[in-house]
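Given next, in structure tokens, is a single chain: the form predicted on its own.
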């Protein structure tokens, strides 16, 4: 899960460790167990595997001409890599992490991998914009199929236990099936929107229609 979250966040912008931990907590929820003790080893592993790149921002160089700060650490990191940044705020070095091309490819693989759907669907969906349309649509269709199976099982359980469960347990089971029905309706809307977006793109990539060729003035 942490690889998916880190690569997804770094696809949006370059981040240093503290800001990355803060964003992980936001996207994974307040109960997230991600700590610096687990984050930095994960970053080191991703860097070793060539999935992220680390940029060390130099401490302030007072001999360099003053360059206005962008107000964004990711912007300053980009300026540094372009050779435009000679100093950064503060007296301590900061290591900024950026996703590599291999990391972007790996992010797509993690989103496409069906084995992580049950636990990581929400996280995958949050970073779907970084994947190809067919990957997004397949993810949504897999999730819909899983929800339909869950709904069928829930309804069967209610019928099978109708004579032995009390009304309180039954109400909980009915609440679960109703929630699943709402989730399916939500997924259906996402699928419809994805298909609507994909159709113009497919037509654009297809190019203009091929005109029929004529031989000797005849089609």
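Positions refer to the first chain, counted from 1. The structure displayed is predicted, hence computed values, not measured ones. In this text, rigid core is short for the largest set of C-alphas that superpose within 1.5 Å between two forms.
We do not show the form predicted in complex with a further copy of the same chain, though everything after this point is about it.
- Scanning 129, 142, 104, 95 against a further copy of the same chain in the predicted complex with a 4.5 Å heavy atom cut-off leaves one residue, 129.
- Highlighted residues 38, 43 and 109: none comes within 4.5 Å of a further copy of the same chain in the predicted complex, counting any heavy atom.
- Although the partner is absent from this view, residue 122 contacts a further copy of the same chain in the predicted complex, with a non-hydrogen atom inside 4.5 angstroms.
- The shortest heavy atom separation between residue 26 and a further copy of the same chain in the predicted complex is within 4.5 Å.
- At the 4.5 Å threshold, heavy atoms of residue 47 stay clear of a further copy of the same chain in the predicted complex, well away from it.
- Heavy atoms of residue 53 never reach within 4.5 Å of a further copy of the same chain in the predicted complex, leaving it off the interface.
- Contacts of stretch 161 to 178 with a further copy of the same chain in the predicted complex, defined by any heavy atom lying within 4.5 Å, are made by 164, 166, 167, 168, 169, 171, 172, 173, 175, 178, listed in sequence order.
- After superposition on the rigid core, the Cα atom of residue 48 is displaced by less than 2 Å between this form and the one not shown.
- Here residue 192 does not count as shifted, since its C-alpha moves by less than 2 Å between this form and the one not shown after the core is aligned.
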